[in-house]
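Read the single chain below, which is given as structure tokens and is the form predicted on its own.
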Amino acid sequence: MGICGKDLIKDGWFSERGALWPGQAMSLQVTDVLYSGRSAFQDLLVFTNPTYGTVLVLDGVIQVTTRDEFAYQEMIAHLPLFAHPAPVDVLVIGGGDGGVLREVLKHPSVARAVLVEIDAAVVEASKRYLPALAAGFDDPRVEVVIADGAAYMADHVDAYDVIITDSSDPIGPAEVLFQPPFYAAMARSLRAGGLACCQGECMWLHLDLIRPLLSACRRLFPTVGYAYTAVPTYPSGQIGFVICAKDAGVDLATPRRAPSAAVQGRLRYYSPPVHAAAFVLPEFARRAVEEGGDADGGRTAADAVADK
């Protein structure tokens, strides 16, 4: 049956624990449970917290909070979008909460934004409980498709300028989004000059997952980079992004465009200097992702699985 979100609330506190972040937990006080239930794919929990606002949890893992969601949504969207000279057609895989879609729509060149989400319940929960993230669903440029993302891309070859995969962790329904066939489908669905950006896990915890992911991407794309952002409610307060370009020699760390003054005024995390800085990694992570060196940031996800 899987995990039940309400079972993770004890004495008025929700605690996120998982094999992918062994020996640690993230706990948030629960002031009100807005929703708890199970879709055809996963457990959904929505609650409020006095510091972080409304919190969306899938299978026991925090996905967004209304206080810090912009740090993730802006970076996963604008890193690839501002690295492209003029994106017109954009595909978002996952991201059923609508936050990435909201950011995509800030680019005036975008004429069409397609969101492919496997779980319709996430979209409906966001519309009801997270309206600040879900506002983009009403934009006339948006098409929402409830389907498997890999299957959708197989039917849409050479169709998109930018593809953004906003996935949960590589367990449960999101596991397929971290496999080489998914990245191959993404490469085929991108047009010449296109870019892709995917959730790339935490460099403090998951270098053993990140390195083979980057290796798989480098076999498919001539240009691959790794960047990161800080999100307080994610494991270790940090999450990374794997960014791929279909063209060789693309400087992913240098934006091709800059936000207008009006758009920059609406952004709370992203800016051109932050874009460049996101690719500057601490040495332990740089050695691991750029040189293939040993992960010396601590215990890894593989260690946790081996302990089971």
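For every residue, the number given is its place in the sequence shown, counted from 1. The shown structure was predicted, so the numbers you read here are calculated from the model rather than taken from an experiment.
Separately, the form predicted in complex with a further copy of the same chain exists; it is not shown, and the next lines address it.
- Here the chain stands by itself, but in the predicted complex one stretch of 32-40, 259-267, 240-248, 56-64, 259-267, has heavy atoms within 4.5 Å of a further copy of the same chain.
- Contact check at 4.5 Å (heavy atoms) against a further copy of the same chain in the predicted complex: all three of 17, 25 and 52 pass.
- Of the residues given (71, 159, 144, 187), 71 alone sits with a heavy atom within 4.5 Å of a further copy of the same chain in the predicted complex.
- In the predicted complex, at least one heavy atom of residue 236 sits within 4.5 Å of a further copy of the same chain.
- Taking the partner from elsewhere, residue 204 is found to have a heavy atom lying within 4.5 Å of a further copy of the same chain in the predicted complex.
- Although the partner is absent here, residue 232 is a contact residue: one of its heavy atoms lies within 4.5 angstroms of a further copy of the same chain in the predicted complex.
- In the predicted complex, no heavy atom of residue 221 sits within 4.5 Å of a further copy of the same chain.
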